[in-house]
Every structure is written in C-alpha cells, then in structure tokens.
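We begin with a single chain expressed as structure tokens, specifically the form predicted alone.
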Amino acid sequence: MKKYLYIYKSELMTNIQYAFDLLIGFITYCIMIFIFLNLWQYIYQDPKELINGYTMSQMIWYVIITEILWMSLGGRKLCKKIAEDVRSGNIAYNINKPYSYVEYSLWNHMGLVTVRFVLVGILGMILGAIFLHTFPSLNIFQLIGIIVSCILATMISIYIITALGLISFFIEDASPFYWLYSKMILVIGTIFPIEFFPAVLQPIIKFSPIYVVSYGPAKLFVDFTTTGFFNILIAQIIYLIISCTICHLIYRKGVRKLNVNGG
C-alpha cells in the first residue's frame, strides 16, 4: 500500500505546481452553473416550492455537487491515456513492475483528481453562496460522511473508466464506450436527481453507476439522513469491489492476450 500512496503523493505534488493552470480550465464549470441556476429559477415560481421533494436551493446545490464530481474527474484524459498505453505497447513495460497497473492508474489519477476537486469544490461553494446566500445545514460528522462518499464515488468512477480504457486490448477504439458512459452520467446523473425520472425507471437507475458516482454524494449534501448515508455507503462499497474486480479481470485477460501474441 505504501508504494501506491507514494505514487499518489508524487502525482499530487506535481499537479499542485500547476494548480493555477487547472483553475483557468474551470471557466466551463462557472458557465454550466450559471445556466442551471437560471433554468431552475425559471422552473421554480416560488423558491420554497417543492418539486419531487426538492426546493430550488436543494436542486441548485445538487447540480453544483454533481458538477464538482464530474469536472474534477478528468475521465476523458484517463481513458485516453490507458487506451494509448495499450495500443502503443507501453503497458507491457508495467507487467513486470512491482505494482499493479490497475492500482497504479487509480492512485496516479487520484493525485490529479484531489487537486481538481479542491479547486473546483471551493469555486462551487463560492458560486453557491453568491447565488443562493445559504448552505445546507450540516454538522461535522455529516460533512465527513459526504467526503467519504465523494472519495468512494471518485474511486468507482476511475475503476469504471479504467475498465473502459482497457477494452482497447480487444477492440481498436474504446472511446465510443467512454462517450456513452460519460453522456449517461452527465445527462441522467448530473442534471436531475433520480426522483425526477418516471417511477418505472427509478429502480433501474438506482442499480446503475449513477446512484453511486453522482446521485449519492449530492443527495447526502442536500438532504442528509443516516439511513440514506448507510444505504449509499453499502452500495458504493459493493460497486467498488465489483468495478475493481472487473478491471483486474480485463487487465489479466489482456495481458494473457499480449503474451500469446508475443507482445
């Protein structure tokens, strides 16, 4: 575990040096939040009105949190890097290294995500305070629970995207799979909570990655309950184990394919 923490620390320190450059790239985030702010202000005639159990303030905070998670992830960069490692053969140099390529990808990318999450998180909180003049009422233990949920959500997302990138072992281009996944998370998991979808679709969405990587942490931020926290936490742990296992299985099968083909 120490070697992975060292990998994480090294990447973290590298990205801290370029924190200002990363912050400039978050202009898109500000534009997105401004658009959704005006959208929900138009939909809600009364800020205290409830629509599917959400006030206007809760809906805007929900979008802010889901956008923080998505903007800080940098999933396209990760998927592209892994796919290029596979296609170029660079991944072969990692086979005999004293660490797993899958875990290396996780902790290396977590170093980037940590810096981006802190920067865009601060920006999101400032925008929310400016537009709404209020924060959800949360105590220290609830904040810790939300942070834990965000960390697990990020780890699950990285494992899923890593698995998508590793598909390049078997097909020419894995980018269409990432495109589909990213649009599913962005359209279904970011803009609207699960409660806004038809009742027949809600159970399906709750079993999808959306529940654990997007909806869960945002829901806890706007409406924290102990029962909800443990339900989301259990679902995230299950998804973390499954996504990690799938990543390792795809990687091992891909490595065997390289060995058989003389790669």
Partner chain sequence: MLTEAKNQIKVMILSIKYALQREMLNKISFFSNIIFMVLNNACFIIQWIILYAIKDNVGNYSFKQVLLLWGLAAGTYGFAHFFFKESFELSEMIHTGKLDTYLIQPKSVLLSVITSSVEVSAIGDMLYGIIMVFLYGFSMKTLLLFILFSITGGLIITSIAVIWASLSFWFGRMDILTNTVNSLMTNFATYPEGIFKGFIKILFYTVIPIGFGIYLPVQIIHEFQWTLLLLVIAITCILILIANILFYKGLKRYSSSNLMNVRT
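Residue numbers count along the first chain shown, from 1. Treat the numbers as computed from the prediction; the structure is a model and nothing was measured.
Form predicted in complex with its partner chain: not shown, discussed below.
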Quick check on this chain: which one of 32, 222, 235, 210 has a heavy atom within 4.5 Å of its partner chain in the predicted bound form? 32
Answer key: of 92, 184, 138, 148, within 4.5 Å of its partner chain in the predicted bound form (heavy atoms) is 184
Would you point out which of 169 to 177, 128 to 136, 99 to 107, 156 to 164 contains residues with a non-hydrogen atom within 4.5 Å of its partner chain in the predicted bound form? 169 to 177
For its partner chain, considered in the predicted bound form: do all three of 8, 16 and 112 come within 4.5 Å of it, counting heavy atoms only? no
My question is simply whether residue 41 lines the interface with its partner chain in the predicted bound form - judged by any non-hydrogen atom within 4.5 Å. yes
Would you classify residue 36 as touching its partner chain in the predicted bound form, given a 4.5 Å non-hydrogen atom cut-off? yes
Contact flag, residue 117 vs its partner chain in the predicted bound form, heavy atom cut 4.5 Å: no
Indicate whether its partner chain has at least one heavy atom within 4.5 Å of a heavy atom of residue 230 in the predicted bound form. no
Even though the chain is shown alone, can you say which residues of 191 to 217 have a heavy atom within 4.5 Å of its partner chain in the predicted bound form? 191, 192, 196, 197
